[in-house]
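First comes one chain, alone, set out as structure tokens in the form predicted on its own.
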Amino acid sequence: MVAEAPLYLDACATTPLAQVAHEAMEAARQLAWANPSSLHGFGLSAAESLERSRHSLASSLGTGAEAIRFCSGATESVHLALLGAAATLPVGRLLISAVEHPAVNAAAAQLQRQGWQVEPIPVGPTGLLDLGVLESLLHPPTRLVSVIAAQSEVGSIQPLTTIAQLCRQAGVLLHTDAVQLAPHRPIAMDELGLDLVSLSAHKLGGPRGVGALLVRPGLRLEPLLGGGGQERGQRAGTEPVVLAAGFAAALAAARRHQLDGTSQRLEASRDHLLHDLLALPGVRLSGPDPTRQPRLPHHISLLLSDGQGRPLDGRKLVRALWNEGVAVSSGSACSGGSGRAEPSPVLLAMGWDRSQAASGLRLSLGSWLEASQLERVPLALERAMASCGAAAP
């Protein structure tokens, strides 16, 4: 009997390189490999390729090409947004949601060391921001807000339109980490009135090592890196022309999938799988119920317990599921650690106790999967749960 191929259900951590991205990068590698700052023909070919990628990204994101700043990924993008904007403002207060990515928390901590106040905005039991608290704090000394557009661990989608409107009325700059949202929902930057938006290519079928910061035209930023003055003087360093080509092609493909029914089919597969998983004893949903609240269409997050109701160790479950040929995550892959179950800060912020917050499991699907492949996942999870003991209190 031939063993079934392993299933990759960890799209929120990273995605396989899309074929369209591979093809775009290969074309750029052959024709646009030179330094785009060089004035000879080879350099001009590279510069043309880079600007085509910039215009393509801008078109997919509902903004102008002048808004795009290429960088190494979302972590750099977040730091450039928050530290670069803060450097142009009087020292004040930064508001962040209680369920931000660790990169935002790290940038906020750096600002705190520079004298800024950092105020976390609480979330409810589904991970959605408390808009009343946000609105109550949008007065001096608040000068900057950062809110994750879609939470990678529990799938909640924040009401960006409302948040942007509140910030705009208060005259406060808004940054959003849209890394998880961009593959699945349109981000019309200008229409929403966003000031700063962080993106990463490898979350949407593009290559690792490239991301972008979208900057509202006219908004000043101090660069983190000095040197050649690339990216409108806000990000020095020779631009990654080949990676940018892959990024642009992948985002354009993701945008087509949002329009051609691919995203809807993925959501239907998610809903069917979620129904079957929740039928298992000891399995419950964390984050929004997709039948009642917006949720990332490819995303499932669960809390798991044994027959006595004791929370199971999420990290042990990840390893046990891999033994069943299924690759998943116990939370944010960017917060790796000791190998033993630790409470998730996101789940703690949502009100779960420490033992429950260590029992989380995340399954995130991708267009590379067929619905029939997912039929084996409930049994695999049932077997994995049976093999795992309860988490330590």
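From 1 onward, residues are counted along the sequence shown. Just so it is clear, the model here is predicted, and its values are computed rather than measured.
Another form, the form predicted together with a small molecule, is not on view; read the next lines as being about it.
(message) Within 4.5 angstroms, counting heavy atoms, which one of the listed stretches 301-309, 215-223, 82-90, 202-210 is next to the small molecule in the predicted bound form?
(response) It is 202-210 that comes within 4.5 Å of the partner.
(request) Name the single residue among Ser269, Thr75, Gln158, Ser263 that comes within 4.5 Å of the small molecule in the predicted bound form, judging by heavy atoms. (result) Of the listed residues, the single hit is Thr75.
(request) Could you work out which of Arg315, His101, His257, Arg185 is the residue within 4.5 angstroms of the small molecule in the predicted bound form, going by heavy atoms? (result) Checking each option against the small molecule in the predicted bound form, the one that comes within 4.5 Å is His101.
(message) Although the partner isn't part of this model, could you tell me whether Ser286 comes within 4.5 Å of the small molecule in the predicted bound form, counting any heavy atom of the residue?
(response) Answer no; every heavy atom of Ser286 is more than 4.5 Å from the small molecule in the predicted bound form.
(request) Would you please decide whether Ser97 lies within 4.5 angstroms of the small molecule in the predicted bound form, comparing each non-hydrogen atom pair? (result) Answer no; every heavy atom of Ser97 is more than 4.5 Å from the small molecule in the predicted bound form.
(request) Report whether the minimum heavy atom distance between Leu194 and the small molecule in the predicted bound form is within 4.5 Å. (result) The answer is no: Leu194 has no heavy atom within 4.5 Å of the small molecule.
(request) Evaluate Ser146 for contact with the small molecule in the predicted bound form, applying a 4.5 angstroms cut-off between non-hydrogen atoms, and reply yes or no. (result) Residue-level check for Ser146: no, no contact with the small molecule.
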